[in-house]
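There is one chain below, alone, in structure tokens, taken in the form predicted on its own.
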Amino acid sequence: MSQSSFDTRAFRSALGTFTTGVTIITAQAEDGTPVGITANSFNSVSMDPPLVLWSLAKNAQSLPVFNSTDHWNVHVLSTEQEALSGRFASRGEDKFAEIVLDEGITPAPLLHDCTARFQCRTVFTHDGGDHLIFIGEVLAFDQSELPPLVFQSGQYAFTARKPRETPRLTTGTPAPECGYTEDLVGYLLGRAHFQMLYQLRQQQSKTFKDKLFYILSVLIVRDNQTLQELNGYIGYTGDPVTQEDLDTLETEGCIVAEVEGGITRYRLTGEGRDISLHQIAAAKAVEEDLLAKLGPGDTLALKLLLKRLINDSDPGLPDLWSTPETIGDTQ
């Protein structure tokens, strides 16, 4: 690859393809003022002795402080600290306002709720073009189970672990050559969904077909629904609610029909609410067990991707979780 002239913007874009963590570097000025900046230039240098580095632009306002102090802290931010990253990346505000600090081994401010923290002493600095590179010895460090915040191509992102190799979901003879494979998103989503339902059914004290539990689940979030309104939330499954379904739940004592102005609406009874709450508790238990195997970082990434997929494939369903005032009239 060759270029007739060096394109700085393209160079920056190319560098942005390298995914990095997001850190906040803090120090204390000679007058005791805390100083902090957001940086993604942090990296390891040596294990023995334990050395790390980061770089700061030579025109940065905080450069004199970091040049005059021996100690600084590196905070690897968690996914919950995106707003904090933005605060320390900006200028002209009190970055430490209302922030509770932990006590460190040096005067440098020590933030909490981070994925990892490194308390360091400057060993030496090195000229790096328009940046100054700080190399420090790690005096103390700690880490948590919080998933890290990352930065890629100018945007914040989340990480997800990739297995060393992708095992086949099934064993035995090779699958026939065809266009249908286990890598299809629809297959993966469907299999995961039904495997979770299978585990959930093992914990059910009362046997209902899935659709009846879907109806109870809708009513516990948004009660007093008509048959048409219920289908607005459930019909997309391809198994719409019928009058027979509602009659079954009413016979079981789970719902009660109320007619007003010629319109029939269905409400949960106390029995129906108890059954639905037990169902939700069982579903949460199954989910927690499965997500514990994924870990917090993969769980967060999975939820984010599923929400994006739901948003991008939404055929225009009413929002079950919005306030009633924001839902249009479905009668």
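As the structure is a prediction and not an experimental result, all values here were calculated from the model. One-based numbering along the sequence shown.
If you look for the form predicted together with a small molecule, you will not find it shown, but the lines that follow are about it.
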* Asked: Applying a 4.5 Å heavy atom distance criterion, does Ala89 contact the small molecule in the predicted complex?
  -> yes
* Asked: Looking at the partner-bound form in the predicted complex, is Phe151 within 4.5 Å of the small molecule by any heavy atom?
  -> yes
* Does any heavy atom of Lys95 come within 4.5 Å of a heavy atom of the small molecule in the predicted complex? -> yes
* Using a 4.5 Å heavy atom cut-off, state whether Gln61 contacts the small molecule in the predicted complex. => yes
* **Triplet Asn40, His131 and Tyr156 all within 4.5 Å of the small molecule in the predicted complex via a heavy atom** => yes
* Structure fact -> From Leu51, Val286, Ala57, Leu300: within 4.5 Å of the small molecule in the predicted complex by heavy atoms is Ala57
* Asked: Using a 4.5 Å heavy atom cut-off, which stretch among 103-111, 81-89, 192-200, 245-253 contacts the small molecule in the predicted complex?
  -> 81-89
